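The chain below stands alone, shown as structure tokens; this is the form predicted alone.
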Amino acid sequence: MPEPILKLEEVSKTYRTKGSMFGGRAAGLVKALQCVSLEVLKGEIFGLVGESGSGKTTAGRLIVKLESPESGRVLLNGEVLSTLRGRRLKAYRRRVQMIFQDPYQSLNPQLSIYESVVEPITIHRLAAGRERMERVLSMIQTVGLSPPESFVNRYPHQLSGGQRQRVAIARAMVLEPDFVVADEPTSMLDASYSAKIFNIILEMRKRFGITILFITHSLAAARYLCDRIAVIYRGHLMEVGTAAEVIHHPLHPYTRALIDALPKFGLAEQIPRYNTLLEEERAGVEAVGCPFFMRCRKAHRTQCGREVPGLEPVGPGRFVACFFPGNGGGAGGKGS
């Protein structure tokens, strides 16, 4: 097995929300990540899968040091991120890059494509003169913008959304980093262009040997791209394993609910395969146990409602945070 390049150890992150003067909404706390521990192996594409608000992007922002955890540690090659300062921090920012979700906002509209892609090279002083131009042209060619000479003097508003995202990938990859966080890079693109971006990511992994954390809400995309995946729900890891195992043999009720939510073309009605999701959350119940208890059809009111399951091994490289994984269910059964 390859060595882990990235580790998250008991990482937690909480945000404070602002209250509303007119809407009557009070300020509060949102726990984006709660004691998350995972390892990403060198050279793999690791998928972090979950619905909106699950904490996926927060994890990515912590890894690239756009934010800091309130507790726990993030390590790259054994180096604790919170200890990085000065030159070590600058070296880290060269080795770890991020591809953002929105290609319309990730590029400066006042910079040409050449200026956007060459900027990281300039900051890190990696090349000069003609060599800079050659590196930029080579990377633009690599992401499928051809001929590259016809793109370097354009501006973002002159490109389509898919072309902008290719430029964003070129900008992230021009430094030849060790680790890349790809935060839902195709969520704003149509299906045909998404497939092209996926193939570019696979080619980048093959050519440069980089490790990628792929953040997505789509299990289908994760199955296509990823070697292993972790399913996250409201800041908690629910299930971890190879992409094939987790998707074809899901053990956690939330993972099964995500699979039931996948579009099924050609059917007049959606027929859930696993049926683990309640139509409405349980009312009048204080959620102090499993984070998925309020929505889980198979939950046991006493155990699941009062205890938080740990992420436990259930096989080689397979982990699940559930008291009744697989086909099991609580004693109360439906809606208990």
Partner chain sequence: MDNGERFDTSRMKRSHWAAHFLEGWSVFIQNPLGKAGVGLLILFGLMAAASVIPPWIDPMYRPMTGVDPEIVRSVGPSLKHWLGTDFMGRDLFSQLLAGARIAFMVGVSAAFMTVVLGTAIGMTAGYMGRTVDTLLMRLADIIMVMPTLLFVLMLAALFGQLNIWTIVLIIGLFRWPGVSRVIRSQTLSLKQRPFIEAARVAGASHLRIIFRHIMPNVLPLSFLYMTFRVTSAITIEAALAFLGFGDPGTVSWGMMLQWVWKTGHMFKAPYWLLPPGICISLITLSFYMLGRAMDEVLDPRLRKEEDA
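Positions refer to the first chain, counted from 1. Being a predicted model, the structure only gives us computed values, none of them experimental.
The next section is about a form of this same protein that is not shown, the form predicted in complex with the partner chain.
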Would you classify Met173 as touching the partner chain in the predicted complex, given a 4.5 Å non-hydrogen atom cut-off?
no
Within a 4.5 Å heavy atom cut-off, is Leu75 in contact with the partner chain in the predicted complex?
no
Any of the heavy atoms of Ser112 lying within 4.5 Å of the partner chain in the predicted complex?
yes
Residue-level contact is defined here as any heavy atom of the residue lying within 4.5 Å of the partner chain in the predicted complex; does Asn108 satisfy this criterion?
yes
Listed residue that, although the partner chain is not shown, lies within 4.5 Å of it in the predicted complex (heavy atoms), from Val240, Ile212, Met98, Met139
Met98
Of Lys31, Lys65, Arg301, Arg282, which one comes within 4.5 Å of the partner chain in the predicted complex, counting heavy atoms only?
Lys65
For the spot marked by Leu6, Glu39 and Glu44, is every residue within 4.5 Å of the partner chain in the predicted complex through some heavy atom?
no
For the stretch 109 to 145, I need every residue with any heavy atom inside 4.5 Å of the partner chain in the predicted complex, listed N to C.
Pro109, Gln110, Leu111, Ser112, Tyr114, Glu115, Glu119, Pro120, Thr122, Ile123, His124, Arg130, Met133, Glu134, Leu137
